[in-house]
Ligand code: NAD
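Below, in structure tokens: the form predicted alone, a single chain.
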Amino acid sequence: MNFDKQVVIITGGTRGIGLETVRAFVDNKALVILFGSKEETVASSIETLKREGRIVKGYYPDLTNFEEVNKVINEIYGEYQHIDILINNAGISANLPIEQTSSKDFSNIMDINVLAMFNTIKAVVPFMKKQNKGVILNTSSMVSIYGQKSGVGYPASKFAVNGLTKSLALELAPYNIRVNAVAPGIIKTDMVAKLPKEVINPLIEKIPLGRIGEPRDIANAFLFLASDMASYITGVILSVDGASKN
């Protein structure tokens, strides 16, 4: 796949799935701008990528603040005169039972997982409409399909991501803007990699493909959905979970 000189913005791009997605698009010749939550994590990720021979730019806007996000998006467009792909990967999870979840906790996860996504999309859409083309990809989750036993805020937010994705696919299709989501299963992020075997092995047993997913599996899905090979695909929630069931 060749994304030569296409401008790609990736939120949550400093670690895990996001960082691997940054690598994947850089390796396919895209001009990548990663967003992170803190100046130090953005700087550290940029330095790590530089040591690997990958050059990217980075910002750390508060994604829950539209004015701040809009300012950065306008700065990026002003520099490149086009924004081709937006990948909304920033997010947080939750696992506490509802009795231990405060209204503030619930609002926080909805703000970071849904409002932040809304803000970045709202900021880029005027430019994509002007170009009459664009791709918006969102990170959902397998729990948006199956739910989960505890931490209701996380699946609630991911159900919202799916609704946002499907609705905007309809709204933006006349402007040649495609909107899709990837719903990862259990992925070998740093947190999962630290889990003991007695926790990991039962999870693997539930996955028909017999393994936990790698961040690159999700990055590859983003690559496909962003490419011209997916030019007739929009409004899709693509499960990348080894056929696992929660």
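Note that residue numbering follows the sequence shown and begins at 1. None of the values given here were measured: they were computed from a predicted structure.
The discussion below concerns the form predicted together with the named molecule, not included here.
Here is the short version: of A90, I145, A169, V114, the single residue with a heavy atom within 4.5 Å of the named molecule in the predicted bound form is A90. Residue-level contacts in the predicted bound form: of E205, E198, E47, D190, one residue has a heavy atom within 4.5 Å of the named molecule, and it is D190.
Put simply, G16 is close to the named molecule in the predicted bound form: some heavy atom of it is within 4.5 Å. For the chain shown alone, G58 is not a contact residue for the named molecule in the predicted bound form, no non-hydrogen atom being within 4.5 angstroms. By the criterion of a heavy atom within 4.5 Å, I186 is counted among the residues contacting the named molecule in the predicted bound form.
The closest non-hydrogen atom of A221 lies beyond 4.5 Å of the named molecule in the predicted bound form. Partner contacts here mean any heavy atom within 4.5 Å of the named molecule in the predicted bound form, and among 31 to 39, 173 to 181, 66 to 74, 49 to 57 they occur only in 31 to 39. In sequence order, T139, S140, S141 are the residues of 122 to 145 having a heavy atom within 4.5 Å of the named molecule in the predicted bound form; the partner itself is omitted from this view.
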